[in-house]
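Okay, so we've got the same protein chain twice, two forms, each given alone as structure tokens, structure 1 and structure 2.
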Structure 1
């Protein structure tokens, strides 16, 4: 590759990098939690700073390649480095990255060092090869005690629930996670075999599940869903009847959302918000239909929970789903599943 072509390639990389920031290309997925805003601000700031440094460094590299390219009749000469410059940019790099780390420490401290919110929804998350198990408190709101000696997968006691603790009589466990929006939630994350990684990108949650450790993470979901796509028709009156209008079925098909004959609609706020369940017999992936500014929009309120640690040959199976429900729906969810 000739020096000129090399320089043009470098300039193309720089222009592509700067254009991405200048055009404000979407860098992150949708956000539905309160603490996530601070994380996003910190991440975007870091990307802008490192992007600027990358552009300056590559422009300098392109300049030096072009200036010192091979030319007939010009002898190569030895250039002595500058110790002062080496110290300068080494210290500057140290200050920059330590400073960014200190700025982000507040988010971590807020999630791990502050007192737990009053009257949160407590959910216990247990990771094992190759599935997630979620234990919920029943109507009393209190999880029963647990201990390692009670773990017995053969009897379905994966989490080590104490059979003699009355607080656990109405606890129940599922393979998917449901949380209410607008109410503080605390998840207690642990593993019973190897290292796993609990991660929900839209909630900006990422925490390793480590055998022998229990890590609490508080968060609050502030949005009931993220916009999937706007609907072209306005058939709000038909939605209150609890049946899928043909126009809605057509739009779902056009956007590759498969609905079943048992698909259901429920008015959460008649004339304004409806819960749409496409396939009650399979994985319940809840959607919302909302009337906003005179038109209907479809919102997704389920999100993937992925394992972000290589936990064995079946790692690809280590996934689950997080459903976001209204406070009323969550109370009904607890009522329905409590033994």
Structure 2
């Protein structure tokens, strides 16, 4: 009886686990960066390989348990091993594991080892308990110098911006991150108190913020939004006039998105794409409304930024967001915010 139960339990384990992964839809959160695609490929490839190893090993175990269960009169074989088999699987696993690993080194090199892209958008990310501060270089593209001695909480100068450095005159800092798509961005990740971890799921980006060190990571966002939900009907004329169609309002409310008639709505490409900023009370939650094939689609263009390294009691609430803008919008964003 026991071997049968064992076999059933292992079958259940294999079926349950494989189903848990196979039926998870989507398997991974949206993907918005270029390097993320390679990471995802590597991850999914590993998932297939390990999934096969998992199933074969567990089912093999179950098979052996059943096949070689105790039966009266049966004697076990006196098998002490097989050098040939052992060599085979040693070499095979070595090649498989190391090979798999080497396949992923390209993307690692791209993020950490290669030359940083020329003329990127620089953004300085400062982590502190329990918020993220993003400093943008302004119109001149250069960040002003910083030093701890200039830290001044009364003026909100947590990053320690040097007031005498002319490069910093047009710098501005915000509590959320806005990045353009299609243009390389380099984030300079640092911390002013304890360890924090910069992580955006959709960007496939993770890097600890270490006090006393700053780490530059390049990435390129290649998408301006991910589909939230489609609407039927063409409301382009209303949207161009700055009015939100009732159907959209209804859909937003049904999806717990706040529309308090305070939101701004502006046409990016009149008659085709609009930017809808919801819930201005929170940090900033911009959506894209696009007219595609006679159908109105709402796209999310913001992503949550989480802290991934234990940083004190407020670790769980150290949240910010990343807004994805078009290059033109980003230029406007810089223009608008530069002092």
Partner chain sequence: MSSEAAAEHAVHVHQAPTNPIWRYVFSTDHKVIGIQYWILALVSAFVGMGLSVWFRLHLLNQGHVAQLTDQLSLLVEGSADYNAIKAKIDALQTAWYHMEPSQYLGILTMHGTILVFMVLTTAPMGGFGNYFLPIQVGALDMAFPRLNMLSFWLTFLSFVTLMAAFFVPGGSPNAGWTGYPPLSAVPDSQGNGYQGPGGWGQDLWVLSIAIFCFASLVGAINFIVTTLDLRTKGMTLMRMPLTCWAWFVTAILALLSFAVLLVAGLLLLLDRNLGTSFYVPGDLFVSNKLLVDHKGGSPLLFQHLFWFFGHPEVYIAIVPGMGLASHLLSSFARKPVFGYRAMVYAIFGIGVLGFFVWGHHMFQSGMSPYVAVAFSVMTMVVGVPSAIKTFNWLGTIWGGNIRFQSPMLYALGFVSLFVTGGIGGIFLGQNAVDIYFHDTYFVVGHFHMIMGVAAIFGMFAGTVYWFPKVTGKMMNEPLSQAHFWCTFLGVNVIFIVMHLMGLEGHPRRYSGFAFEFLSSDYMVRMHTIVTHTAIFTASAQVLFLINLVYSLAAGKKAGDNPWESTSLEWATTSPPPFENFKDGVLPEVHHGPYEYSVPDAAKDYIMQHDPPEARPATAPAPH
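We call the rigid core whatever largest set of C-alpha positions still superposes within 1.5 Å between the two forms. Numbering follows the first chain given and starts at 1. Keep in mind that what you see is a predicted model, and the values were worked out from it rather than measured.
- Here the chain taken from the form predicted together with its partner chain appears as structure 2, while structure 1 comes from elsewhere.
- Core-superposed comparison between the two structures: the Cα of residue 166 travels less than 2 Å.
- Annotation: Cα of residue 92 displaced by at least 2 Å between the two structures, core superposition.
- For residue 227, the Cα coordinates differ by under 2 angstroms between the two structures after the core has been superposed.
- For residue 79, the CA shift between the two structures after superposing the rigid core equals 7.1 Å.
- Look at residue 148: with the core superposed, its C-alpha moves 2.9 Å between the two structures.
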